[in-house]
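To begin, one chain is listed below as structure tokens, in the form predicted on its own.
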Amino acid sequence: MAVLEIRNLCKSFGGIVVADQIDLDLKAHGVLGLIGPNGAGKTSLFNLICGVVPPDAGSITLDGLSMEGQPIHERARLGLARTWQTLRLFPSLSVIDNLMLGPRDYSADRLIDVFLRPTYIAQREREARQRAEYILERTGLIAIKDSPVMDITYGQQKLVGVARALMNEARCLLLDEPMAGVEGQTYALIQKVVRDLAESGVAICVVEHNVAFIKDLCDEGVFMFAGKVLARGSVDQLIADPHLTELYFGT
């Protein structure tokens, strides 16, 4: 059974169609790559899955539970996490404090608990900090955990965005251009983290223009164009198709 199921998903903004009867399954232990030119609808699909915008038609289910009417924060609490093309970090906060905002059930967001259950809140904060430090170890960021995000490199900031998404302990993880502006050791770290997550049972979908990254990482690829899914198969098959290559790179 798929972790995330999308059926007949449709969305348009005026005359611009960003999702045209999309059917898609994301399965545990799998990494699916979304390929296509700018404007193909890849990030719009992520926005529909996460509840940033509502669909015009179709359905999205997570572990068999319909996402219809579920706001963004509830989808996160149900085990759906994502990263963004833009970093969306808190630059004046430390690396570890950015991660501390990532758990799917942030204990201190209920004011009544803060005042009436301080011991419980303190325990949850300790647990969250322990998990954050564990993730920072895995992602090679532990040495800069107390540094303000504004003071670290762009590649490290991208890695912090991925690390914060891991705090959700998500069943399904959506990565939107995680490799943009990243190279060297950070590139290899992100690749390893994603592989390890998939092996642990997480369903992962990646939007990425770095075809080499998609090719090395993904079990399968989907080619999108003008809001449609045109083809699905191995990444090698997709990039070898002359018609798809022309749509992607131009003549």
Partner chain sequence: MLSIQNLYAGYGSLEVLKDIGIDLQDHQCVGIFGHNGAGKTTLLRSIIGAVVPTSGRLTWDGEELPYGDVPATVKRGIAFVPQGHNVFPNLSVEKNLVIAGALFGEAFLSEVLQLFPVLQERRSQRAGSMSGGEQQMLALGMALMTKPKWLLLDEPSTGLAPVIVRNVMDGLRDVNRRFGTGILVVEQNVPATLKLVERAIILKSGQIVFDGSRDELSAKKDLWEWF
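Here the structure is a predicted model, which means the values were calculated and not measured. Positions refer to the first chain, counted from 1.
This next part talks about the form predicted together with its partner chain, which is not shown.
Given the stretches 189 to 197, 214 to 222, 54 to 62, 32 to 40, which is the single one in contact with its partner chain in the predicted bound form, using a heavy atom cutoff of 4.5 Å? Checking each option against the 4.5 Å cut-off leaves 32 to 40.
Triple contact flag E127, A132 and I204 to its partner chain in the predicted bound form, non-hydrogen atom at 4.5 angstroms: Spot residues vs its partner chain: no contact at all.
Is L247 a contact residue for its partner chain in the predicted bound form, using a 4.5 Å heavy atom cut-off? Close contact exists here: in the predicted bound form, L247 approaches its partner chain to within 4.5 Å, heavy atoms only.
Are any of the heavy atoms in A180 no more than 4.5 Å from a heavy atom of its partner chain in the predicted bound form? Looking in the predicted bound form, residue contacts with its partner chain include A180, since a heavy atom lies within 4.5 Å.
Hey, in the predicted bound form, does S66 get a heavy atom within 4.5 angstroms of its partner chain? No.
Give a yes or no for G140: in the predicted bound form, does one of its heavy atoms lie within 4.5 Å of a heavy atom belonging to its partner chain? Output for G140 is no: heavy atoms all beyond 4.5 Å of its partner chain.
For the heavy atom contacts within 4.5 Å of its partner chain in the predicted bound form, list the residues of 61 to 93 involved, in sequence order. Residue within 4.5 Å: Q85, and no other.
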